[in-house]
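Starting off, we have a lone chain in the form predicted on its own, written out as structure tokens.
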Amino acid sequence: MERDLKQLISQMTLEEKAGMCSGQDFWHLKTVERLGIPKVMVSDGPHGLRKQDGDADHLGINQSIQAVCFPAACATASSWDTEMLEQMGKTLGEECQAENLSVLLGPAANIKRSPLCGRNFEYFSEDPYLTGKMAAAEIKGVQSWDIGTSMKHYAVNNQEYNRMSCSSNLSDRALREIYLTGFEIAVKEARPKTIMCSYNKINGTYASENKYLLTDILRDEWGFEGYVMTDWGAVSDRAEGIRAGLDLEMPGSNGVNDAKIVEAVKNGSLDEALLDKAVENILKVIFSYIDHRRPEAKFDRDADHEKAINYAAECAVLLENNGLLPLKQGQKAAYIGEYAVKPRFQGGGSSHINCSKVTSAWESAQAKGRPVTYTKGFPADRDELDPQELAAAVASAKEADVAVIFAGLPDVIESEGYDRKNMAMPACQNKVIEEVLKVQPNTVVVLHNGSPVETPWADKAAAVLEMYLGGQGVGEACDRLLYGEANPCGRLAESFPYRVQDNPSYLNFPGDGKDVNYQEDIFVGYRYYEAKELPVRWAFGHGLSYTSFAYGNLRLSSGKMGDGDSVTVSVDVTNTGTVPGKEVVQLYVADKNGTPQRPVKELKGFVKLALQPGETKTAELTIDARALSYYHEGLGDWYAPSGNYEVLVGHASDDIRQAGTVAFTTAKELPFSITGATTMGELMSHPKTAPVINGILAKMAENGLSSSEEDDPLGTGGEMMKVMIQGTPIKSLAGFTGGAVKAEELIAELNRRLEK
């Protein structure tokens, strides 16, 4: 149905327009009944509906309707499967239609800067490319049912400590390359209907009134057309927010901030046209939902529970396996740890789902008649060691053929609202694992956690299976994986360092409460570990399988590329094992031109292939100039220098199987303004200034500023002189040329050449 929103807005009073820019209550937007503007509802969360019909809150304290909890983003990102995530999004979208929800608040696209961030379980990855692709897939799925999404938290919200006021301080390059790229990909590819701004400041300016983020980048550069809403309570200056591009305040302030908008318009400090645009943005999304109601939508909780099981199985990552897994039928297994019967499958806070049903690994094993015993060993919700439980766990493990310990992080350690103090698992769990390993070498550790943990026992365990927070079907999914009914095919979307001190943000997380400085800049996650040559427990992209894969026959559609070109990278992948499996083919790009401050390599493509034993498929991935580029602050744009770039394809960031080279040529010129501090080396490398400098060097040689083997028997002077000349600034040339070069005249001449 076509509507003239501008004409509708012209009929609204100033007070009605201001009122449309804030919520009626915790979850509903306002209505204007006389103009036919309906009331609509939004709801948490990214991996399941937290619709509250009764008392409302933002932290998951009060009860919500029974819904289906799908795997959290920490798990779904590990699937590296955009098709799966789009299907999960479609399921969520249909559930929203069935429950009369107009917008689902998610997905969350913040970068995992530190493993200590309490909300990491809701975020996809330490890598912006993977983050963007997974977020885009979920958004496409949800919005295929004409339900809006609200990608969050925009932007640079990477900790819980003082998240409502702390300033995240970082370079524009780090902002663009690491913390905005995921949002950019999703906005351009999936067109989310809303964006949720974060609480924090970015370089001193609140996200809710940051015009650079909300208008200059989001709307003007990326083409976002929906409305921007706040995180709950993120408004600072309401009128300034409207000026910056903030449309909707959630929840409402009982008219307090609406009155400030009205006053600002009346006193002339706020252009009413900006208010009108905010209202138009909101109404466009409201009526898009109203005009596309889908009465056929059903919320089939049982059917969606089965989907949750399948998704969880796709997300699990087999971290270690000495051949013990999959378990053989008839093997007597001792299940240890309360997570075996009470799995931790979701995080605490605003995304907490009131689940329709939960399947545990113990229940699944019993239902299938597996010879399994259960011993509590340690509690699921606290760090408390009972000597009798420990003794019972050790005894059960010793009597069994294999031990399976279900471990992880309780909510009290990992939740929205606060950050973790360290990367350690509860001491009681580590103690039980260590003691069991002494008597039973055939021990599998199953992890239920939302972010990396230190695993001092990993080298002694026969297998380690990372289930992450796999949703309400995690127990059945775990059973299928342990016994080979499903083949693990997840890959880590984040690095697992050996210890928290190895993390690049360690010295600057979480700041002093007022400021947090991102001094690691672009070197986040694997970008840092590889540049530092610092070993990690498990690398980004790592994950094992019950089968094996061989790579071969890498081809490039072209060995050359320019600014507007793209190159297709093809590689053959063969399942060389005996069971069906899925391989995630990962493509990385490396700048081989000696460009300063570039990562060793960066993820720029991936595809997941399902392969039968002996089957070969060809993975095809495409790269363009953006894939080779970094954000150049002086240019204010993405830039790739001309030269050679290595294309790396493999199984993980530390397991590259095939490589090729692309020669790139750019027509872009970097800004170059010459001053007295400009060095000879800089001038020698620029084609427009090099001829002049070569002439000066000749004069310097005439004055004896050169070396030869005769007067340099040690062979060091030539190299020393070369380095000294390259580092000499223009202002110092007069002394080296006998006064023949006057700095001011040379600067003027060189700048004239640059202008031609």
Ligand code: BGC
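All values reported here derive from a predicted model rather than from experimental measurement. Start at 1 and count along the sequence shown; that's the residue number.
Beyond what is shown, the protein has a form predicted together with beta-D-glucopyranose (BGC); the following relates to that form.
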item: Contact residue in the model of the complex, from Q143, S415, S350, N257 (heavy atom within 4.5 Å of beta-D-glucopyranose (BGC)); value: S350
item: The single option of R238, R163, R344, K193 touching beta-D-glucopyranose (BGC) in the model of the complex, heavy atom within 4.5 Å; value: R163
item: Contact of Y199 with beta-D-glucopyranose (BGC) in the model of the complex (heavy atom, 4.5 Å); value: yes
item: Proximity of R119 to beta-D-glucopyranose (BGC) in the model of the complex, heavy atoms at 4.5 Å; value: yes
item: 4.5 Å heavy atom contact, E583 and beta-D-glucopyranose (BGC) in the model of the complex; value: no
item: Contact test in the model of the complex: K152 vs beta-D-glucopyranose (BGC), heavy atoms, 4.5 Å; value: yes
item: Which of 66 to 74, 684 to 692, 721 to 729, 43 to 51 sits within 4.5 Å of beta-D-glucopyranose (BGC) in the model of the complex, heavy atom basis; value: 43 to 51
item: Stretch 222 to 259: residues contacting beta-D-glucopyranose (BGC) in the model of the complex, 4.5 Å heavy atom cut-off; value: D231, W232
